[in-house]
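Listed next as structure tokens is one chain, alone, in the form predicted alone.
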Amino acid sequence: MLLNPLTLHLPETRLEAARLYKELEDSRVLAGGTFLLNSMKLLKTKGTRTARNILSLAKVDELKGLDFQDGTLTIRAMTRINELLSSPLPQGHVRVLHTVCRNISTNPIRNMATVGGNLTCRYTWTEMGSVMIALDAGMHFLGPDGKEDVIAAEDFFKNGARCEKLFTHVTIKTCPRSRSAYRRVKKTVHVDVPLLAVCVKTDLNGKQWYNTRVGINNGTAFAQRDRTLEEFLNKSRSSPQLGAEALEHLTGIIYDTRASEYKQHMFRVSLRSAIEEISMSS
């Protein structure tokens, strides 16, 4: 048997899933299965104990799909990566999500993997964290009593991507003045996981930048913001030199801790390119 003995639970509603998530001991949530099942197989081969209860969300239709209403994009936890990639709903600066999805692994994996799984699997290198922080996304969690908590993506990752309640969906507000750009460098030509990822979002008043957010994934810690760079950009105007000038205003510890010279260099190349893309659009 490839897996240790376990009990599979198949709730059909959000509330039922939230109650089981709270009540079950020694449990893990199964979304697309690409992270969890591979992890459990690996742990078994090492002789390590694995979860006795698996909570599958496959039958909870309320957790699937995405919609756009009143300027807010809602992406539910069980939306598959390829569904988000092919959807016309992300518009304006939120279209950056298409770029992010396109970068995630291979087509067969994107057909299985879910947005919720990517955000909550607690691997530090996954794709979605930096872009959700940059887009100021709200992450929604449902308790067994039916009450919902909304946590900013930034705060969620500050807390180590821990889930006390069931993650149900993410919301992103759009603005016609907003622009965004995403860059990602993969680890090796043979391992298609990101070595690093950066996402820059700003609002533009003519050429003036404001409400800037910079999401950074250095692969060794959960995604975070570079507030030093944001402060500089919020005082700046678009120009051909802005990308180069911005590199003098980074929170160095984010990029340099446990980083080779190549990785430090690629962070700077990626940030400069993302900033120049936005600057040229204004």
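Quick caveat, the model's predicted, so the values are computed rather than measured. Sequential numbering from 1, following the sequence displayed.
This next part talks about the form predicted together with a small molecule, which is not shown.
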query: Three-residue site L30, I109 and E127 fully in contact with the small molecule in the model of the complex at 4.5 Å by heavy atom; finding: yes
query: Listed residue that, although the small molecule is not shown, lies within 4.5 Å of it in the model of the complex (heavy atoms), from L89, A152, C175, C163; finding: C163
query: Residue (of V94, L204, I104, L85) lying close to the small molecule in the model of the complex, criterion heavy atoms within 4.5 Å; finding: I104
query: P194 within 4.5 Å of the small molecule in the model of the complex, heavy atoms; finding: yes
query: Residue contact check: Q224 to the small molecule in the model of the complex, 4.5 Å heavy atom; finding: no
query: is_contact(F35, the small molecule) in the model of the complex, heavy atom dist at most 4.5 Å; finding: yes
query: The small molecule contact in the model of the complex: F167, any heavy atom under 4.5 Å; finding: yes
query: In the model of the complex, segment of 131-139, 113-121, 207-215, 67-75 with a heavy atom within 4.5 Å of the small molecule; finding: 113-121
